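As a starting point, one isolated chain is supplied in structure tokens, in the form predicted on its own.
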């Protein structure tokens, strides 16, 4: 089988590059450097990417911590009211441990994310819109503590956005955000 493309003739790699090509290559490289620098600066200075501490924790340790958290919280019809500013959420095939939970608007919480078995996605968005959404990943063996503040009261949907097996489509939960105490 022969290729329909003909190889260039002669020593094409030894030919000088045309001036216009050099200008376009220079502009492309320059623009790539500008975008790379902007991306790097924005993740450090901007309020774009969630950050937080990550700890190596076993599933048994996190389950024990989750049990203490759930025992200390107040169970309501809408969900668990956390005992403090820490909210523990564990992901397992095919459920969210610690959800539903009831939070206060305009209060910063430390969301502790953990995967019990396989990698899971943590996608959270207001119930009525798809345009305001955050997507995070949970990895087995690591507890990721992400600070979050919910500005608007309402119901926030939590979905697993990383295929985690047969039953993945049933993996959803919710956060209920209420007006804070004045």
Partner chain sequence: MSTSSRHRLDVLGLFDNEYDEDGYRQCSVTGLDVHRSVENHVKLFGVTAVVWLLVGGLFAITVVGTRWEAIGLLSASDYYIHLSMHAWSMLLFWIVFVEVAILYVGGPMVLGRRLPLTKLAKAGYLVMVGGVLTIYYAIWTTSAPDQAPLLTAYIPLPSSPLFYAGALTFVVGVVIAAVPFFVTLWREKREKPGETLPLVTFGAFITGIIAVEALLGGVVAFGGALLWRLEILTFDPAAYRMWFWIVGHGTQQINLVAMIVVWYFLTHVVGGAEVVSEKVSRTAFILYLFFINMGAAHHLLVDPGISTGWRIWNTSYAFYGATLASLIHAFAIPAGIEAGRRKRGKGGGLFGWLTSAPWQNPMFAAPVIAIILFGFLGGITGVLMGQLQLNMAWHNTFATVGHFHSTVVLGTTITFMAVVYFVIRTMFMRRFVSNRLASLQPFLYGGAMGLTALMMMYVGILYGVPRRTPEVVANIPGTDFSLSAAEPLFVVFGLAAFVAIAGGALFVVLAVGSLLFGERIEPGRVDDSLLADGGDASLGFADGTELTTRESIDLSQDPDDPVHAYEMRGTFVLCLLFLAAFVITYILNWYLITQLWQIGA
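Between two forms, the rigid core is defined as the largest C-alpha subset superposing within 1.5 Å. Numbering follows the first chain given and starts at 1. Because the structure is predicted, anything quoted here is derived from the model rather than measured.
Same protein, other form: the form predicted in complex with the partner chain, not shown, and the subject of what follows.
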Heavy atom of residue 59 within 4.5 Å of the partner chain in the predicted complex = no
Going by a heavy atom distance of 4.5 Å, is residue 66 a contact of the partner chain in the predicted complex?
-> no
Non-hydrogen atom contact residue 76 with the partner chain in the predicted complex at 4.5 angstroms | no
Flag residue 154 as yes or no: does it have a non-hydrogen atom within 4.5 angstroms of any non-hydrogen atom of the partner chain in the predicted complex?
-> no
Give, in sequence order, every residue of 5 to 27 that has a heavy atom within 4.5 Å of the partner chain in the predicted complex, or say none if there are no such residues.
-> 5, 6, 7, 8, 9, 12, 13, 15, 16, 17, 18, 20, 21, 23, 24, 25, 27
Residue 24 C-alpha shift between this form and the one not shown of 2 Å or more, rigid core reference = yes
Under a superposition restricted to the rigid core, does residue 166 display a Cα displacement of 2 angstroms or more between this form and the one not shown?
-> no
